[in-house]
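First, one chain by itself: the form predicted alone, in structure tokens.
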């Protein structure tokens, strides 16, 4: 049987920030990344369309022989994960797993004894109230404040992380959360991890910041330890494949830039065509 890989999916390239941290924590496995950058951002689209895009992406990774798929996208996790787990997996791949990134982050918030939590995320994630619901399950005394940040993903996807207007956007989006005297800020979109230093400089040292990439990597490591039978099926060849739904030289450069030294000359970047 062809060796199993770990799949990582995002609506664009922001999920590479999650994969980067996973590679730092668990470099031994084979990974396949798929970024649906032709359709980014998912936020603002209907729940039905978001689910359909997510299901197709997961199906692509399963057919690439991924035993475990991480939805490195808050919008896809919030909107699609429950249905993917309850319906798609049960009928199509009952022995495989699809995990999201909201639950691990919520667990980390509780572990840090946070009391006043700010969530900056996309419209779809904020409207779904997934972070709020998951947090209340673990600790209903935590105060949660959300703010949608719709312009950040397009700016980051364009690689304009040094644009002076980005600081203006961040101040605008952070202001309502800072007014609530939050003690913890969650970067509730994988793209935001790529500008976490800018965000840290604006919120100050007294506020804890949770970047989903590092949290997800640590929680995945713990998950594989708990599920040793599944872990033993994973290939440990350190092979990486990258797929996107739109490919040009700019996207190739972005992938290499986001991953840095983790991207090798042997890694493959390909376009997925429907």
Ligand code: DGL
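Numbering follows the first chain given and starts at 1. Given the structure is predicted, the values throughout are model-derived calculations rather than measurements.
Although not depicted, the form predicted in complex with the named molecule is the subject of the following passage.
*Quick one: find which of 220-228, 41-49, 24-32, 240-248 has residues within 4.5 Å of the named molecule in the predicted complex by heavy atom distance.*
Result of the contact check: 41-49.
*asked:* Considering non-hydrogen atoms and a 4.5 Å limit, which listed residue (182, 153, 194, 98) is close to the named molecule in the predicted complex?
replied: Exactly one listed residue reaches within 4.5 Å, namely 153.
*asked:* Just checking whether residue 122 would be counted as a contact of the named molecule in the predicted complex - the rule being heavy atoms within 4.5 angstroms.
replied: The answer is yes: residue 122 has a heavy atom within 4.5 Å of the named molecule.
*Heavy atom to heavy atom, is residue 189 within 4.5 Å of the named molecule in the predicted complex?*
The answer is yes: residue 189 has a heavy atom within 4.5 Å of the named molecule.
*Is any part of 9-37 within 4.5 angstroms of the named molecule in the predicted complex by a non-hydrogen atom, and which residues would that be?*
The stretch touches the partner through 10, 11.
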